[in-house]
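Shown below, as structure tokens, is a lone chain in the form predicted alone; questions about how it binds or moves come after it.
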């Protein structure tokens, strides 16, 4: 029996972005549909099941955050990636609380979007009892964020750190979770640890760059 292709919905008001993502992901064998705005995205989610929604944060009419709220409530089985060139710390935190699986910032390459989609879809196949190494604990943490199980996500991140304390990704993700919970001091500490471990690790650098008062516009970077 043939395995069903993962179904992905792209919601973006920019035609060239829809084309770029569609072309990149169809090459990986995914089944793609496109929505031109938030209202269109919700209609398509109602009409068919999707494994993943690539959702532009800023669209005319119903914006991405409104769509995310509706999708999280009505279609919890559909994972959501926020796609944005805009955004602020505040709505990034809110998006993660609502269950956004990850973020990607424009501009991005076809390889970057393919890699991110593959990682997110792979998380859904991991069984908890298989969590023995750093990468699996980290993947389970991100899946728990998508499921809005933040306490479980924090536990998995700490297990990843225990498995390999010399890598930056888990410290950065722990910082993100602390920022969601309002622990700004703890978040900054872990972003700095991530950068100490790898000074070129961009997700931690971007997160730390928002530490000024007032916050510098940007998005949380899960890494």
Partner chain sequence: MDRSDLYIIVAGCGRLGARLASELSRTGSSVVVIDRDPSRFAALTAEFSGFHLTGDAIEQEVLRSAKIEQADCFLATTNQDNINLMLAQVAKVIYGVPLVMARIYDPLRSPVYERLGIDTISPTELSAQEFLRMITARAGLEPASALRNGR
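Residue numbers count along the first chain shown, from 1. Take the two forms, superpose them, and find the largest set of C-alpha atoms that agree within 1.5 Å; that set is the rigid core. For clarity, every value in this text was computed on a predicted model and none was experimentally measured.
Although it is not shown, the form predicted together with the partner chain is what the next lines describe.
The three residues 5, 97 and 99 each lack any heavy atom within 4.5 Å of the partner chain in the predicted complex. Proximity of residue 27 to the partner chain in the predicted complex falls within the 4.5 Å heavy atom cutoff.
Shown alone here, residue 107 lies within 4.5 Å of the partner chain in the predicted complex, counting heavy atoms only. Although the partner is absent here, residue 9 sits far enough away that none of its heavy atoms falls within 4.5 Å of the partner chain in the predicted complex.
Residue 112 belongs to the set of residues with a heavy atom inside 4.5 Å of the partner chain in the predicted complex. For the stretch 11-47, the set of residues having any non-hydrogen atom within 4.5 angstroms of the partner chain in the predicted complex comprises 15, 16, 17, 19, 20, 23, 27, in sequence order.
Here residue 101 does not count as shifted, since its C-alpha moves by less than 2 Å between the shown form and the other one after the core is aligned. Relative to the superposed rigid core, the position of the CA of residue 114 differs between the shown form and the other one by less than 2 Å. Superposition on the rigid core between the shown form and the other one places the CA atom of residue 78 less than 2 Å from its counterpart. Figure legend: C-alpha atoms of residue 178 and residue 67, shown here, are separated by at least 3 angstroms more in the predicted complex.
In the predicted complex, the CA atoms of residue 146 and residue 115 sit closer together than in the displayed form, by at least 3 angstroms.
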